[in-house]
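Next up is one chain by itself, shown in structure tokens, the form predicted on its own.
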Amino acid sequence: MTALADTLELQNISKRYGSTVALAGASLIARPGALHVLLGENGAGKTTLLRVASGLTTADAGSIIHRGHAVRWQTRAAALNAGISIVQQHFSLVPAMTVAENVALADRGMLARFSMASAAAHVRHLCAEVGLDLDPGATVGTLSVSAQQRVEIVKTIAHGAPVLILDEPTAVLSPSEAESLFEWLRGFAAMGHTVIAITHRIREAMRFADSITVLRGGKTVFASDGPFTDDRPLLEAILGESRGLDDRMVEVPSTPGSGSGRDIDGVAVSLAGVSVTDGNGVPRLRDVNCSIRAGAIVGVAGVEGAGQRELLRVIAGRLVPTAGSVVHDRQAGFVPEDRQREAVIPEFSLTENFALRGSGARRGLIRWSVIASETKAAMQRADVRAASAESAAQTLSGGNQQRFVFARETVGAPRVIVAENPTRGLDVRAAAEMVRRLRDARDAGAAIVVYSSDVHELVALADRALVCFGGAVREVAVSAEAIGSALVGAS
């Protein structure tokens, strides 16, 4: 394999969407045999740059150099045929099909001679290689967000393309899954392949990357080979040196909430004998009894399928339990981890999406002028970066979509706020801001219920901790050790 074999270079790439400048002369070079990481704030242009590289988007200006030659992908298929594959941030799966069938769709050879048994065996082999756990026979539409992310990764790997691009592949993976994936990516690169990955986890980048590029405002502001032992140059590049580094860490030191020692307003949500059985007759929650008090952040932990997804939706009033009772004193704000499926309609404008708040309980005519004003005010408060309130939700970066959903769901200071992996897809500054907003809402008297797949993030944030295991829910001490033991059923 020559040095140019799978080198991918993007030179002075520019891209506009109407009045929004997504890229303004961004450049990147990724060589075979190396794991390249792309960093930057939400809206910096990272996803757009990789969409250009993989043929999903056409640049307005600039050049793509692949294998030493200038190319211009007319279609996604053209880039794939040239050996460039991408794991997108937003999933492109067929919900009604199984995991094995979705993976087979990505492998033309498997599809031409499809056998469910062979496809399932192939999925198990790929999962073992990457260190990810999937049931080949599971219907994708029934899977959690993290499981669907694993399907996307395995599906893309099945292409066998020598250039692999991943847009925030670890955003909803547990720390152990993220580590396994990055170890596999390093091995894949060591075989002479080219890997480019976006992440917002700076320590993840420093640990695994051979080279790092940082975008800010659509431009390349940092590009260097490793090793990386000091995060300050990266943080200065991401945030801008003149803006300071006060928000440099997502792991904001834990501060005790008012609910940890003082009762502001009593119980906000009460669950008594709550059980949930899914459409296949499988029990997901079993006889749950708990109370969520005002003025506290309750952290929820659980391995996949342990019942935490159902617990959050019962507390938020989005799921009616099969048995038992739930008492709310008013509607809850709910921020799900799957923005595309549960929080926004991508093709709708931000104003139209804002009008979805409380849609299950609202009646009467919509006063669009009022909704538009409320949307603009919420966007300003949450620093949602979009051309206008009439922009389609799908034109925003994932992080800006997350900020928009949080702003919408917390309008009017709801008594209860339920957030599922709330820092998913957020850059270091935005994640720290999200943590502060959750704490501010707690200190103002709201009951906050937060699920995070990262136990250490949960410990830094929570005043109380609930752990789901096998459909049962129990409270444990707020420590990594106590939560970790409960996650595997240890007493």
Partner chain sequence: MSSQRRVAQLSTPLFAVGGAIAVAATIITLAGLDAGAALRAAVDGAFGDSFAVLSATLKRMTPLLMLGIAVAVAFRAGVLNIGAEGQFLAGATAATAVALRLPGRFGPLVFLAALAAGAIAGAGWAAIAAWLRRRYLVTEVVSTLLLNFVALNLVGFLIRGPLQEPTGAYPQSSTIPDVGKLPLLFAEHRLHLGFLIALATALGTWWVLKFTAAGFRLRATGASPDAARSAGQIPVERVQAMALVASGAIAGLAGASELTGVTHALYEGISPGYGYTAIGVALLGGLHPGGIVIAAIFFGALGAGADAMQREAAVPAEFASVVAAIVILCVLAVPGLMARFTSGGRAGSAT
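Quantities reported herein were computed from a predicted structural model and do not represent experimental measurements. Positions refer to the first chain, counted from 1. Rigid core here is just the name for the largest C-alpha set that superposes within 1.5 Å across the two forms.
Beyond what is shown, the protein has a form predicted together with the partner chain; the following relates to that form.
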Hey, in the predicted complex, is G317 touching the partner chain, heavy atoms inside 4.5 Å? yes
Taking the shortest heavy atom distance, is M191 within 4.5 Å of the partner chain in the predicted complex? no
Though only this chain appears here, would T322 touch the partner chain in the predicted complex if you measure heavy atom gaps against 4.5 Å? no
Any non-hydrogen atom of T47 within 4.5 angstroms of the partner chain in the predicted complex: yes
Assert contact_stretch over 219-227, 122-130, 333-341, 232-240 against the partner chain in the predicted complex, heavy atom within 4.5 Å, equals 333-341
Looking at I366, M97, A377, A413 here, can you tell me which has any non-hydrogen atom within 4.5 angstroms of the partner chain in the predicted complex? I366
The single option of M116, A78, L356, V370 touching the partner chain in the predicted complex, heavy atom within 4.5 Å: L356
Can a Cα shift of no less than 2 Å be assigned to E168 between this form and the one not shown, given superposition on the rigid core? yes
H200 C-alpha shift between this form and the one not shown of 2 Å or more, rigid core reference: yes
Align on the rigid core first; then say whether the Cα of V455 has moved by at least 2 Å between this form and the one not shown. no
Report the direction of the Cα distance change between G305 and Q88 in the predicted complex, compared with the displayed form, as closer or farther; the change is 3 Å or more. closer
Since the Cα-Cα distance for L215 and V344 shifts by 3 angstroms or more in the predicted complex, is it a contraction (closer) or an expansion (farther)? farther
